[in-house]
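Here we start with a single chain on its own, the form predicted alone, put down as structure tokens.
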Amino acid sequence: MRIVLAPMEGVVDHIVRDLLTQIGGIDQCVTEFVRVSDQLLPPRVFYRLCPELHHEGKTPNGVPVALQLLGGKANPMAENAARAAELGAPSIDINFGCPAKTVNRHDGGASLLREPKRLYEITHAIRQAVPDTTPVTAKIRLGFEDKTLAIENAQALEEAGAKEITVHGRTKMDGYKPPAYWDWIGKIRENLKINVIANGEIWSIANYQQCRKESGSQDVMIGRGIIRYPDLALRIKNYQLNQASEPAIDVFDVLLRFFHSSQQQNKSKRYLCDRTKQWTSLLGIGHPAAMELFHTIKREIDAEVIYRHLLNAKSRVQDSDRMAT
């Protein structure tokens, strides 16, 4: 079984991929999407979103990173896929699942789920444009307004040459509203010969078990669940292998490592502030101490002040742990 870290625009960049794959349990990552319109993009665009291309398309600890493309025109998508492969992308993933209104208004993401023929044309063009050794995959939802075309869309991707697909168990109109319809992922899987990765609403080991039971998929993709619980993939892997659970992760240690990594890569102070606050808020849903920190720093615009608050929060946790023992 494999666990894939989902692409999350504006959340999971290369710094976060590095940090989460260091924690463990993740077998593959996917980049934020490269937006393709009519032009062949310069290499710098690919390197900006996927600096792992400088290192054989892998994170520093060796986890492969698929490069994701988003667009509605077959020829430009194929040309840019070929360029990505030339630059060293281990695989090309196609985004047919993004529900964002801006993306959908501009002929991208989930909007294409209304036209199986176009899914085929784009995927086929990419498959023909990249080397046989470069896998082509795709991510879809169950449909746009409803699930009517769910199986037909998936079959179109298989016929076009996709090696495997990831299915998010909701329609575009569902957004991220629970539940995820894992049983529908199973219906799609039963009609395909290629591998199907299940995605949606996996927040715990129990969710993971139920998702696999209902979908029949061996592999899963997790996004928000791993951001909220950075060691979730590792805990799932240990559970599957009947290994002892790792000690509970220190979320403030994770945030400090993120802050230090961002500084080392000369990220701007605005990036340090905005992204640290963003992740603190997301972690806070599962960790009350992180939410308390978020309310302390949410209006702060000085990166060094935020850093001191992080240190203080970590120190308070350490003091509390010492008192408990």
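Position 1 is the first residue in the sequence shown; the rest follow in order. What you are looking at is a predicted structure, and each value in this text was computed from that prediction instead of being measured.
Here the subject shifts to the form predicted in complex with a small molecule, a form of this protein not shown in this document.
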_If the cut-off is 4.5 angstroms on heavy atoms, which of these, 224, 235, 187, 127, is the one near the small molecule in the model of the complex?_
224
_Quick check for you: of 144 to 152, 165 to 173, 128 to 136, 250 to 258, which stretch puts a non-hydrogen atom within 4.5 Å of the small molecule in the model of the complex?_
165 to 173
_Contact label in the model of the complex: residue 3 to the small molecule, heavy atom within 4.5 Å_ = no
_At 4.5 Å between heavy atoms, is residue 95 in contact with the small molecule in the model of the complex?_
yes
*asked:* My question is simply whether residue 59 lines the interface with the small molecule in the model of the complex - judged by any non-hydrogen atom within 4.5 Å.
replied: no
*Evaluate residue 276 for contact with the small molecule in the model of the complex, applying a 4.5 angstroms cut-off between non-hydrogen atoms, and reply yes or no.*
no
